[in-house]
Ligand SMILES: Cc1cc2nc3c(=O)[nH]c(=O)nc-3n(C[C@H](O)[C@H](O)[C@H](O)COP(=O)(O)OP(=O)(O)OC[C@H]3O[C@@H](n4cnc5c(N)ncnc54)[C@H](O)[C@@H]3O)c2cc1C
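We begin with a single chain expressed as structure tokens, specifically the form predicted on its own.
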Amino acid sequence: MKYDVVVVGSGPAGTVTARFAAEAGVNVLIIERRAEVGVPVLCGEGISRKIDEWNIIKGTRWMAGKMEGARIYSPDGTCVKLSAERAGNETGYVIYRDVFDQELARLAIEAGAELMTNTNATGLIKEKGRIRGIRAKHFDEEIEIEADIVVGADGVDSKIGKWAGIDTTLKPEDLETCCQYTFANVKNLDSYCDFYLGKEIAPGGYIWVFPKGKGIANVGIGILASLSEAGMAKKLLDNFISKDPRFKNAHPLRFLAGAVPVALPVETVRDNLILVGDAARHVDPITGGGLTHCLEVGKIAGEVIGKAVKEKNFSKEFLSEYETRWKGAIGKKMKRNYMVKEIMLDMDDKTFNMLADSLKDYKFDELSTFSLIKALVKKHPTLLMKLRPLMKVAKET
């Protein structure tokens, strides 16, 4: 088999990359190790309304609900309410992630990409030190797929990145262990996503409740691996659910578990190679949400691949336009949010309560990191020392 590009992984980053490359006239193959695109669901299922501006997905079949905003609860129950525009990349729409992924794959195929499921990458084909494609297993058949560019869209434990010599090792403090229920018959839901913070509630992370309509909601937890132990995430989540009256008569439809990176991005370009999505660590270090970033960065990757194939230039130098552009789009924000994550790890519940108290009446219509810090310190001057490391980066964003 010979293609211009082979994309390993049919998640949103992979299929969006494939679509925009195919639209540029590139001969693209997507391979997926599972039997079905988008299954099992491995996501909280929240995404920003920014996607409305990008013309990346059509229709509404994938949409479970449109959110008005988010409520963030501190350990003492103080609530900070944000509009959807200000609430981050996980608030805007709650989606049916399996349908969402399949729609993105359909659009890639419609653009000309091919898709092979039940196909697991087993290694890179190299010739004189350069990547020339991948080896894979399609059901029980060993196959080779030649390609000028290999795209690693194969998730947090990216084998493509490792085989290419990129250091994809994650420290425990840069990995969140997560689990989530989808419940039916949940009472008193509205059009807000809820987030709960606190060392006792979710150490190094948070609990979320995302309403999906008709009494259905996702309730999940993410906790930092360095602060966790076997079974801890589920135990803490079950404890939260048992105390929340909304779930008194609810019944689970689904349970899932996984992990997400909350790290700085890795090297994303080599000769004949690009990494996208979770494989590249394009995930918000504060929230662990990466879906919005996947779409934005996948579009950039596809456009750059289109240029590379046209020019027949697959060098790291040529493909580095992709890295330059994604850093311009999300790089500063990721650097800032990683710093925020590190600062938050040193905060106790008393500090979280002070933060919430400072922000509960804050007017978020002129939100910036710098103005936010000023508001926090004005009400609680003792926060200045904790937030000082953020001041320099805040002035840049």
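When you see a residue number, it is the position in the sequence shown, counting from 1. Computed from a prediction, not measured in an experiment: that's the story for all the values here.
Below, we turn to the form predicted together with the named molecule, even though it does not appear here.
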Open item on the list: To test your reading of this chain, name the stretch in 235 to 243, 314 to 322, 264 to 272, 152 to 160 whose heavy atoms come within 4.5 Å of the named molecule in the predicted complex.
Closed with: 152 to 160
Task: Heavy atom of G306 within 4.5 Å of the named molecule in the predicted complex - done: no
Open item on the list: Even though the partner isn't displayed, in the predicted complex is C294 close enough to the named molecule, meaning a heavy atom within 4.5 Å?
Closed with: yes
Open item on the list: Is it the case that L42, even though its partner is missing from this view, gets within 4.5 Å of the named molecule in the predicted complex, heavy atoms only?
Closed with: yes
Open item on the list: Is W208 part of the interface with the named molecule in the predicted complex - any heavy atom within 4.5 Å?
Closed with: yes
TODO: Select from the listed residues C178, L115, I145, L124 the one whose heavy atoms reach within 4.5 Å of the named molecule in the predicted complex.
DONE: C178
Task: The single option of G198, G92, G288, G133 touching the named molecule in the predicted complex, heavy atom within 4.5 Å - done: G288
Open item on the list: With the partner left out here, which residues of 23 to 54 have a non-hydrogen atom within 4.5 Å of the named molecule in the predicted complex?
Closed with: I31, E32, R33, R34, L42, C43, G44, E45, G46
